[in-house]
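Take a look at this one chain, the form predicted alone, written out in structure tokens.
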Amino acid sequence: MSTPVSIQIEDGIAVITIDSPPVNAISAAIRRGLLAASEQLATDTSVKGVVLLCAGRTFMAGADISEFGGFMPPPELRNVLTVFESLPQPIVVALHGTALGGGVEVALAGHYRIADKGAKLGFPEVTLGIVPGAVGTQRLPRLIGAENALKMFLDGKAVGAEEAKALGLIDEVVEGDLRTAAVDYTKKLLAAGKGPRRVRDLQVAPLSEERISELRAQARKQHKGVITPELDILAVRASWELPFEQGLALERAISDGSLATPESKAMRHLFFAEREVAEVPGISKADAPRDVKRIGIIGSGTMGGGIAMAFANAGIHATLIDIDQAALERGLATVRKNYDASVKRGRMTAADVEQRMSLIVGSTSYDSLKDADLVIEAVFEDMGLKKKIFAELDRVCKPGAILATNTSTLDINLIAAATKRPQDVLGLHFFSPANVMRLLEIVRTDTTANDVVATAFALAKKIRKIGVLSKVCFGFIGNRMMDPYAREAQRMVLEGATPAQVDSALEGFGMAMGILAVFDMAGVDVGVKVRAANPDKGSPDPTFYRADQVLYGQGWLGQKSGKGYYKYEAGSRERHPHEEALKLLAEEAQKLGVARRSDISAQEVLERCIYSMINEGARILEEGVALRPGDIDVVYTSGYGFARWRGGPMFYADQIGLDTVLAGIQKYGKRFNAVDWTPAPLLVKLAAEGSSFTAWAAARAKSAS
């Protein structure tokens, strides 16, 4: 069996090459190979210097995460690196591409480090709920200082080669052939009489308690609800408080313990789920994506402009279409304003803005779309209007052009039927602001062609979105599940809970924003118009989405009107109690015969909102609207502010037990409208079996293979 680790010795320089496509993830085979190479070179007196590098497009992009949380075959990386670092010859590690986590820890075990100018180095483990465990928390502070090391661990973002050099993480930035540069650098060291320079022998200056507190506060703000930053701090403290070997032992205990935390399990679940979403049964490599170089967008409002920015940021030409020149100019001005805001924040240069704006043009004529490869309709939710637009696009667009709608709720099968090319029609549901939000729901109709779906996934990747497939239904995955979630929030306000009580409970659970605050931000009128466009998606309960109607009737539309569920000062998003609304909602409750209560607890808010969401998710899975429970989790963590450290609604349900969820649904079904609280058949089945959504999905995948 071939090994991913090889050695070539030339002129007294041993070049260790790791070649394990696609990203040289640190597997058991690599650990065994590096250990064997280290043991061989330790006794080879003919070798005067050692170079370690990787083949392919990148250095080691971290550990093989599939080994985490289960049996990890020996040897352990931390032990391998102790042997590697102890080599009697000077070791030069040459980095290129993206060196992450364990990859950087391997580099730290070398004695000298050089990097290609395009290399990036970082410790993203905090995003997986993991503390680095291959002596990174002990070596990095010794090399670049405790504060800089903590910043890298707590932030989780990679730094470029030049910044890494400024930090002291690497010694030289090189250009050209990396292998040649590494060998030449090693020969230069030997000529200068340089020997091993082991990081473990360096000392760490203590960091003040005041500075630690400041970094802790910043990390808590960046990683809300996550314990990992505190564990990182504890591990790094050991680098100056304990001798190296004792610090290593403490890091091991902390790192191994972090793997068992609920947040780590949740975030690792999402790591795999985000990679699985693009695997669509029935679509193969033969379904090659269509070439998309020019797109058109119907509607230059907030959503249309954001979509144009998303494509322009990826270097794709976009034509915005609107009803008249005035509307178009407003839309283009908003796009430029958004870009200018990025310049002020230092995220791009003025030249970047001009380059992107040059890719976005406006027109009031559909004929401008005759050369478009993809057209995305982004107007308000009106089926008649959308059908009219698609009929016109069918007339104008070239054969093979893909026609997409950004609708969030309407039946795309009916929209596709308005064309003579239903196989080329699908939904591309972006989330506002479209240039920022990661999620893209890819909605397949009954007739959408395989290569159109493949094109959508390829485009999602190109514009840095996470594409998730959904079948056609009301609200698709995300909004359909948000329907019962928001339903219960509004009902509790009628029952006597304040918007702040509801939202604070949800935010305490980990939602980025409470649902009533979300309504105020998006506009209370949006939900009302969705209801009007889908009159058959109601409930026999008169309290169903009634709070929205009450506010809308007063013109209280949220932030844009200064009043909604909350009050807002001009130019501010800070939420204040809206006493007028509370009074009016109490009066409405009395008219509807709703009993007012003062004992609605945070736990009840969570059960009614989250359990009802999970119940709808079970229906979505059973109907095949979503392919996998992990797809639902990706939708909610990428587009709806569900805490990543909770893993998404379906993963969370598995963690607390489906029997617990079912019992809650049955409890509220007895108390309230039984129709709205009917348990999903799949939930009932799995709870009775003591099973989980994860196990159900695994069994389905096995039977299909």
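From a predicted model like this one, the values you see are computed outputs, not experimental measurements. Each residue number is its position in the shown sequence, starting from 1.
The next section is about a form of this same protein that is not shown, the form predicted together with acetoacetyl-coenzyme A (CAA).
Although the partner is absent here, Pro124 lies within 4.5 Å of acetoacetyl-coenzyme A (CAA) in the predicted complex, judged by heavy atoms. When contacts are judged by a 4.5 Å heavy atom cut-off, Ala134 counts as touching acetoacetyl-coenzyme A (CAA) in the predicted complex. With a 4.5 Å cutoff on heavy atoms, Ala63 counts as touching acetoacetyl-coenzyme A (CAA) in the predicted complex. The closest heavy atom approach of Asn148 to acetoacetyl-coenzyme A (CAA) in the predicted complex falls outside 4.5 Å. In short, of 55 to 63, 36 to 44, 664 to 672, 645 to 653 it is 55 to 63 that has heavy atoms within 4.5 Å of acetoacetyl-coenzyme A (CAA) in the predicted complex. For the candidate set Ile298, Leu100, Ala372, Met481, a heavy atom within 4.5 Å of acetoacetyl-coenzyme A (CAA) in the predicted complex is found for exactly one residue, namely Leu100.
Exactly one listed residue, out of Asp520, Glu441, Glu105, Asp424, brings a non-hydrogen atom to within 4.5 Å of acetoacetyl-coenzyme A (CAA) in the predicted complex: Glu105. In the predicted complex, the residues of 4 to 37 lying within 4.5 Å of acetoacetyl-coenzyme A (CAA) by at least one heavy atom are, in order, Pro22, Val23, Ala25.
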